[in-house]
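First come two forms of one protein chain, each written alone as structure tokens, so that there is a structure 1 and a structure 2.
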Structure 1
């Protein structure tokens, strides 16, 4: 019975989460204060580690119970097996009443009853996941249309050395150190997201005229090479 609930529930939220716009999230700054009550067990931000609870970096779009080096409760393992993913709406429901959501969770926390506080803390946690301003494919603004890309294209292994040469065309506008004032950052993206985004420009599904033009003349190998290079760029 519980199993069935999870399957249905998570099927709904995967669809619904695509529709949650970034603006619907709360106020991240206020959320930082709300997060104070979570800090005893959870870390988030640069260098965050698992403590009593798992670290919360990259939480958005992450399947429940997915961190390999954290030992989850049975209840969470079940949730993970049934396909629960963390999005704004699943987090909202979970935080409202953790126990009713995952009865056996070790999270001994009564929940956050105030809806605004929940939305704010979710917005705060959102800061530590892929940024949709930079990666529109990231939760919660992910668009399904970008993803029907030939698996053969996604399977191409990019050559980072060739990518480095090609990248000099990108770094005229996109800062190599990942700065993102006015022009989005393109460093350290998951390679697949990068490839999907570039092909979405090439196929004119994404609208920016400069990017459509730049992507138009890159072939599949070149896009893979750029994805590989920027993914590995260290500063």
Structure 2
């Protein structure tokens, strides 16, 4: 049933009269500014890597869920099985309401409602698909590795079983199945990103009173254990 839905939905998007065509792409320069909403999770450009979300180089024409070195949610695995590919029209529909388009996605992003903004960011992403051998230099602010955390802390190998034992306070708010109902998912985060984020709360570099309180209770080994546990959760 789920696969049939994807086949029908993808076909509807393709033929929809409101779908954006390749010739209707927006302003790539303006799209770079819109992409600021995305770069907390996605990297694009030279040296881009998978982080919380997959990198977006070579996105156009790429089947959904196709990067072998990124662990996708079951929602996108179903989309891949249906044959969904990323083009201007499918990206336009997805960016308008990601969670409606891909029920069960781990993305906390609620979408871009303004059509011009969507077309602009699609045009910007198109720059990184035209010629993969000549991808523009990455925006240095898009990297998740800019931090002053002690490398020794990042090198701690967390115990996922211990992380599971510690996880009950996290899962009172964050859904262990990777779902997102107003609270961002933390399932399958890269361990380094999880550790950096938790220490940022602990050091009050990130402003969220509840998370600051929770992180302050944890030592370095406990944070590493939680990172290892949530990174390995299936959803």
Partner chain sequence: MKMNRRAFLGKTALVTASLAAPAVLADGHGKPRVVVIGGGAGGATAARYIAKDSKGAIDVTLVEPTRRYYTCFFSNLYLGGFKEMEDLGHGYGGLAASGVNVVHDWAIGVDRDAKTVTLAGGSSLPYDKLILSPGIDFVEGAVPGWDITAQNAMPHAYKAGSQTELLKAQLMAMPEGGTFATVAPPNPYRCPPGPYERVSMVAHFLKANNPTAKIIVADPKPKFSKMALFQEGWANHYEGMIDWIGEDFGGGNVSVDPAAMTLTIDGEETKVDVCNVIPAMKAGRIAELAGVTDGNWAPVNAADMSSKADPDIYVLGDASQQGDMPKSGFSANSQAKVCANAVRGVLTGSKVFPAKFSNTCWSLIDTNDGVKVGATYEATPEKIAKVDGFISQTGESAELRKTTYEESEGWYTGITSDMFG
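Throughout, rigid core stands for the largest set of C-alpha atoms superposing within 1.5 Å between the two forms. Quantities reported herein were computed from a predicted structural model and do not represent experimental measurements. Numbering follows the first chain given and starts at 1.
The form predicted alone corresponds to structure 2; structure 1 is the other form. In a rigid-core overlay of the protein, residue 195 has its C-alpha displaced by at least 2 Å between structure 1 and structure 2. After superposition on the rigid core, the Cα atom of residue 45 is displaced by less than 2 Å between structure 1 and structure 2.
The Cα position of residue 33 differs by less than 2 Å between structure 1 and structure 2 after fitting on the rigid core. Shown is the Cα shift of residue 228 between structure 1 and structure 2 after rigid core superposition, which amounts to 42.4 Å.
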